[in-house]
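Next comes just one chain, in structure tokens: the form predicted alone.
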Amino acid sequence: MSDPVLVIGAGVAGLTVAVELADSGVETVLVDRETSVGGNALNLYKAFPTDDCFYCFESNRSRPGIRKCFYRSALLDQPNIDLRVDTEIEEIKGEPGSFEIRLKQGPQYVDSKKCTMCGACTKLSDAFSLLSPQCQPQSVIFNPEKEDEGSSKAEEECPTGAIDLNAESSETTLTASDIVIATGYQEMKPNQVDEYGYGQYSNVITQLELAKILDPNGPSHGALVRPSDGAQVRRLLMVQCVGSRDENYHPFCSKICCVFALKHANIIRRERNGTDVSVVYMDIRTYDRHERYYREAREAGVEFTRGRVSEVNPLEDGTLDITLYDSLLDKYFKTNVDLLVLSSALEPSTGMTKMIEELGLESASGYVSPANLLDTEVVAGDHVYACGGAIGPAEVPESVTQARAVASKILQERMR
């Protein structure tokens, strides 16, 4: 019997590879450093191009259809998937086809197989919380940094005995025939971009942070409010290409940021009556079928200015005075908004550089580069594959297509 396949990252791409291989009879170890699967999709609210829940992972089709939701995908019940959350890759060595991987898993304070999500522990202690009603594994999580007097009582009174506050980290070593890198991307936090004041002013946020505000499962239950005081947002300004297409940070285009921004602009104009939305851009890049988001935004009354933001000043009433340069009119002007939203660069996930070095792979702007640019983009090395955001910023259908190509490659190799 062949060794299992190791899939690193349980976002859309990693989940798809794991499910495709497992359904084909291949044992798969699926690891993620987070406590729940889903990756970036957990924080993106609605998905494009179908505008439905991001908990669904869609096929490579551009039309709505049958989808598998994370919370209904029965990952824990698939016997060929060994899911390990809160797990980091400590070391990779060995030879292609027989890799030795050392894994470190954080303390499993709550046994997800015993937890029934009854909520009793969350009522007794703030250290227990439910990430999302759709989280997978279906379990509450425990934050030891918030441990309080109610934590021990929650452990004692848990009706299924799922809580162990004395749990400790553990290390294991496994052998894998193939490695799939599906670690995704992360949003750059633009603290160092001085002109915007991100990290200094509460009402300057990123697109991912806006998505959490718009999400009905988020802290404001979907109400568009200012982080500083909870006041309703009446005027909102978005800025594109923050940290991307910029030699000081990331020289490449993040590809999907324009669609992210327009998706949110359309949601606000359609579903949050009375809020004015403006977008400041260098170029609007809505490739392929996503051009419709731009057309719909214009029709919905979103205003566009080609230029840059040069200065942000907070006022005592919580609003922000913004100085803009309009490159088409070649003039500066000022505006006042409640919320400034930055479309930050999408950069490789933390730890990608170390992984690329350990596996002897090529890098392209920090992402995994194909082993042969003239061949498929998902083959990164001998028995090493990459897909989704590990290759570069990608939308859901693109990630799923790449993930299925990886599964197909592995199955073809095993049939030889």
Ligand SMILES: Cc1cc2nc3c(=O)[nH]c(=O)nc-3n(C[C@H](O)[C@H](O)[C@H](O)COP(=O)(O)OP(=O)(O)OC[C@H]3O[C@@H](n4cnc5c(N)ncnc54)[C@H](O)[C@@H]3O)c2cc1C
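This one's a predicted model, so the numbers in the text were calculated from it and none came from an experiment. Counting begins at 1, following the sequence as shown.
Keep in mind that the form predicted in complex with the ligand is not shown, yet the notes after this line are about it.
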Joint contact, G197, I205 and M238 to the ligand in the predicted complex, by non-hydrogen atom at 4.5 Å: no
Options 94 to 102, 314 to 322, 269 to 277, 253 to 261; stretch whose heavy atom lies within 4.5 Å of the ligand in the predicted complex: 253 to 261
Partner-contacting position among E377, E27, E34, E358 - heavy atom within 4.5 Å of the ligand in the predicted complex: E34
Distance check, V5 to the ligand in the predicted complex, heavy atom within 4.5 Å: no
Non-hydrogen atom contact V384 with the ligand in the predicted complex at 4.5 angstroms: no
Partner proximity in the predicted complex: A394 to the ligand, non-hydrogen atom cutoff 4.5 Å: yes
Heavy atom of T87 within 4.5 Å of the ligand in the predicted complex: yes
Residues within stretch 7 to 45 having a non-hydrogen atom within 4.5 Å of the ligand in the predicted complex: I8, G9, A10, G11, V12, A13, G14, V31, D32, R33, E34, G38, G39, N40, A41, L44
